[in-house]
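Read the single chain below, which is given as structure tokens and is the form predicted alone.
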């Protein structure tokens, strides 16, 4: 693993690497985390906001549980609904936070997948396909073709402070619409990964 002055990489990120179920998966994950550190200062951001380590652990665990092997993710088209952005703010402090950056999409890129991120926040400069979408608007996902994704991940939409402020009273209607769209967009046999950690599909 790349050395960092913070000491976070050998400790926290090595524990994330250990989530891999096989030596090849752990090596793949180590390379991916090294790239995330080099491109997005992951270790530095974990040192500043330690909860980011728990978020990354959760994301890696979801991928392992959903695909069995991290190597199986290569080449997969994955939709990440409410992927996060560089302009997201903490619901506690109201300040900009790295916790809500698009880490799942960034991780998927480094694992060789083809993620598509959807968020209302700023995604300029990210290395994955992304669309600025207000998920509270009816038909917001109609522009995406039916059956176009091998997997769909959704975990942070309904906990987003921006979403709650804009659409809090319509949460159940929006939840039903998102789940309808997920069924439309997922190819037969595809994987639906929700925040409950269960694999659907």
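Computed from a prediction, not measured in an experiment: that's the story for all the values here. Residue numbers count along the first chain shown, from 1.
Separately, the form predicted in complex with a small molecule exists; it is not shown, and the next lines address it.
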Contact test in the predicted complex: residue 79 vs the small molecule, heavy atoms, 4.5 Å: no
Looking at the partner-bound form in the predicted complex, is residue 175 within 4.5 Å of the small molecule by any heavy atom? no
Is residue 136 near the small molecule? Define near as a heavy atom within 4.5 Å, in the predicted complex. yes
Would you please decide whether residue 115 lies within 4.5 angstroms of the small molecule in the predicted complex, comparing each non-hydrogen atom pair? no
Please pick out the stretch from 163 to 171, 24 to 32, 142 to 150, 38 to 46 that is in contact with the small molecule in the predicted complex, where contact means heavy atoms within 4.5 Å. 163 to 171
Interface residue in the predicted complex among 66, 53, 157, 60, criterion: non-hydrogen atom within 4.5 angstroms of the small molecule: 157
